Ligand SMILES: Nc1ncnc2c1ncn2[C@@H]1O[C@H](COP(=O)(O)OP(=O)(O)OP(=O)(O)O)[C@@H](O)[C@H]1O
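Okay, here we've got a single chain as structure tokens, the form predicted on its own, with questions on binding and movement later.
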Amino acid sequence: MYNPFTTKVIKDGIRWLAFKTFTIKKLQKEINIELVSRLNYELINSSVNFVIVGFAKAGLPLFGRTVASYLILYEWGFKKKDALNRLKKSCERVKSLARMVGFDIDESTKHDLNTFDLISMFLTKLDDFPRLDLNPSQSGQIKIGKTLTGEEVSLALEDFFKHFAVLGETGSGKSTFVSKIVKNWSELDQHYLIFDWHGEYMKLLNDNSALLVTPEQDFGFDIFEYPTTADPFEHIDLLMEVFSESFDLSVSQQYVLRIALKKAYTEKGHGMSNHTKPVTVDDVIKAINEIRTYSGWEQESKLAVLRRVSKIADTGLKNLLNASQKVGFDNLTKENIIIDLGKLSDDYAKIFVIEAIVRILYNYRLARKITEPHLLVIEEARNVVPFRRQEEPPRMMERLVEELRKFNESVMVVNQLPSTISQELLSAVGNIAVFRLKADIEQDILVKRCGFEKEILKTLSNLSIGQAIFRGHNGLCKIIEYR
């Protein structure tokens, strides 16, 4: 019996099939078994799907035979030119890898198989697609769960840079799933930063190496600090973007805030001499109060800005964003950090913390060209990358998530419903795990935006706690569970 994905292919028919065959021969030298495993992994995770078939024996490993098997590449779709280009690139990639392993490639397209045989073979092999079970600590793979039949499902480190969305109802197992991925990520000596909306990850992870940043202690970040080599007025532009986005400032309110920030920085010597003093939120509030107003609307704008900025002076936010004992932004990618937002009662304050730190993190990575792999987890993502109409411009965080992948920053967005977060972001995410969801409208979004098949989503409302339907960047869907 075919799986739902195969059934869908049979039902719709194969609209177009691109293929190329290789005869793979062993060279007169020792085979590198470790590289064979790498070759197998690269085939499975290629942008073009591969099926390994053979006249004598199917599947990898290929070593041990003089002439091993034929390799058939396939893809279906309407854009024939695009498919051929992808096919060509993948062929070159396979040839290069195979020669590294110790195999020779014969590109002869002569074969005894007609198109009908190829389609039949494709359907037969799809349910029995080969998978490689490697030790994550050796292969750079990160376990994300197992299928219901016990097959391990893993992603390579670089696959995480395509970003990851975790969706599902409350109590379906999202947080536990994310915590297990974070643990497996850190086992590869990679670091993470978690914006813990509900204050639950420290207990879930039980990671003694993690730095816990909480509003209850004067140990956190300083958003008014900037690299010594940077221009303070460029940092003011950065702060303006964060404040304007988070607090929805009007044009007149932005004008007031910019004057106050410039005044606060120049009075502490920034941009004027090498002898500078740190700028605090109290300095900014003082600068706002000293601004003279000459009309009613100017006074109202001043008071509106004052109300918003004063929120940072509250003990909790001040400890997080203007702390005396500081977590340097240049150390963000070198430490495991959990920011406990659960103690903040104001959702707008939580949003401001996330947007400010992510914006400055991006600025540091950009300025210093930092490309170390790093994992960023954002809970309740609808608050920072919310749904927007198509005619509306993308918000700052939506732009940042897209830009951060260039610096090997993996962003994991966690949310309940697909409908409440940016649909453009949802379409661009490479990996998605969907836990229990019952609403039909949510399932329709997963089909239209994320490439899920309707057939497999029929099981979505009946999933047990800890079970999810996972779709990787290669488009294949399967039900997984964490153990």
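These figures come from a predicted structure and were not determined experimentally. In this text, residue numbers run from 1 along the sequence as written.
What comes next is about the form predicted in complex with this ligand, which is not displayed.
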item: Proximity to this ligand in the model of the complex (heavy atom, within 4.5 Å), stretch among 174-182, 187-195, 361-369, 298-306; value: 174-182
item: The single option of Glu169, Asp207, Glu398, Asp283 touching this ligand in the model of the complex, heavy atom within 4.5 Å; value: Glu169
item: Of Asn431, Gln423, Gln443, Gln416, the one that lies within 4.5 Å of this ligand in the model of the complex (heavy atoms); value: Gln416
item: Sequence-ordered residues of 393-410 touching this ligand in the model of the complex, heavy atom within 4.5 Å; value: none
